[in-house]
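As a starting point, one isolated chain is supplied in structure tokens, in the form predicted alone.
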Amino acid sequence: MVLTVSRRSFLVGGAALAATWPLPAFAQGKPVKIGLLTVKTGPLAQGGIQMEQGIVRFLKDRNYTLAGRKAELVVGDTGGNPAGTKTKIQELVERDNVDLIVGPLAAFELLAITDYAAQAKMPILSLAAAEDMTQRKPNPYFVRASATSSQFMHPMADYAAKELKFKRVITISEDFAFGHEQMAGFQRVFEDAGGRVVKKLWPPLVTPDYTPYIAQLSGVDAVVQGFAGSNPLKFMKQYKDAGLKLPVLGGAPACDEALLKSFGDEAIGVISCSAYAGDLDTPSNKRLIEGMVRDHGNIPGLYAAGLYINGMVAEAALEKTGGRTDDKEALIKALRAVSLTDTPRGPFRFDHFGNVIGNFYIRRCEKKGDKLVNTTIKTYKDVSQFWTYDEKWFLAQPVYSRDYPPLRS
């Protein structure tokens, strides 16, 4: 028997059946709106501009489409201060109706908005390294695929003590949360391995002349610097001009790939630790580097790579939710469940606080031909924000700060 159905019956029946099906994400018509909180002025602007370049590069690589939905980027310039960051997140959430936020850059910016973001149930994928966001005062809507401030410095300290055999160091970093937490993390691991931090110096974030601080750098095996933004350029030039020969170790921004073309020979030999390595041989890293060189004539550093990676995390989560962003609980659950293998930083996953567990790279700055490059000399795999310490013990200690751990007398 042949069943015949009139065109009218087919259309009516089809419409009724379609009404019972959930519409696929790509049929929703509404774009996924990503809000970027970044900084475009002041000493941190160099990193903030690279953040925007990184997320734009990611969206270009995906043809501005994530999980079947068009993606739209809305940028808010924080001005690099807490008040400006609070204003911009309110605009992104209440006026622009973004679905999730990437950024901001600085710990003090993030700390200024965490309560508001939690109340608004707004997922944030941030580079900002503020420790307690994923430790003692966790924000349930926060995800960090980069690192806490100290997560870079724990491996650096381990390498300094065990492989470089350094015994005594002086630390120097900007007098703000990121600097405090970096140097405290270095101090704990370095001293637990038998070394000693003999002095901690804290120039203000905006310091035109480091000479008074550089004059105090002597009598040790090495100097550990944690400068961020464009400040590493200024510090290393003045360090060389002062004629100092002590080895220099640094955190991720201290010798970032994106700064290399602006350094002179003063950067040669600097050893740093980062979540990103320009020489990492993964397909996604090659694609990122090629795109950044094509777009901007410069290789990416941690800021650009970090935002590219945040885009990958958002994409993976949206694929799990079928492109839906209206259920914020489901979205944050999907974000924190992301586990990726091919990324510009290598494989990673998240812990139960939403903080990354992944590879960290010890790099030495070298001159190859007429260019400076960072060469990876050791990879620390699956590094947790708690390093090798027991989580409960770690969280029972005070948060890393300017004065904790204290200097030993």
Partner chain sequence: MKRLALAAAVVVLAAAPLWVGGTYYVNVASQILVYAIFALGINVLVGYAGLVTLGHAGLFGIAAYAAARVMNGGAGHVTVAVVALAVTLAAAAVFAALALRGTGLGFVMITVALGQIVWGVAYRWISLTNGDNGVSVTGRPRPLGLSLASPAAFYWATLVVFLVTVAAMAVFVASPFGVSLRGTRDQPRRMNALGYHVWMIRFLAFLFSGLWSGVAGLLYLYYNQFVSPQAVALTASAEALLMVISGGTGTLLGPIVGAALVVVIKNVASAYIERWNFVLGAIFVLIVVFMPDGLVPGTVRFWRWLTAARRPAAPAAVAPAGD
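Positions refer to the first chain, counted from 1. In this text, the rigid core denotes the largest set of C-alpha atoms whose superposition between the two forms falls within 1.5 Å. In this text, all values refer to a predicted model and were calculated from it rather than measured experimentally.
Keep in mind that the form predicted in complex with its partner chain is not shown, yet the notes after this line are about it.
Checking 75-83, 140-148, 292-300, 249-257 against its partner chain in the model of the complex, the stretch whose residues place heavy atoms within 4.5 Å of it is 75-83. The shortest heavy atom separation between His154 and its partner chain in the model of the complex exceeds 4.5 Å. Its partner chain is not shown here, but in the model of the complex it comes within 4.5 Å of a heavy atom of Phe108.
Mapping the unseen interface onto this chain, Ala112 counts among the residues with a heavy atom inside 4.5 Å of its partner chain in the model of the complex. Its partner chain in the model of the complex is approached by Lys40, whose closest heavy atom lies within 4.5 angstroms of it. Proximity to its partner chain in the model of the complex, defined as a heavy atom within 4.5 Å, singles out one entry of Glu319, Glu91, Glu191, Glu329, which is Glu91. Residue Thr87 is the only one of Thr282, Thr211, Thr87, Ser218 with a heavy atom lying within 4.5 Å of its partner chain in the model of the complex.
Applying a 4.5 Å heavy atom cutoff to its partner chain in the model of the complex picks out no residue from 337-366.
Pro43 shows a C-alpha shift of 2 Å or greater between the shown form and the other one [criterion: core-superposed Cα displacement of 2 Å].
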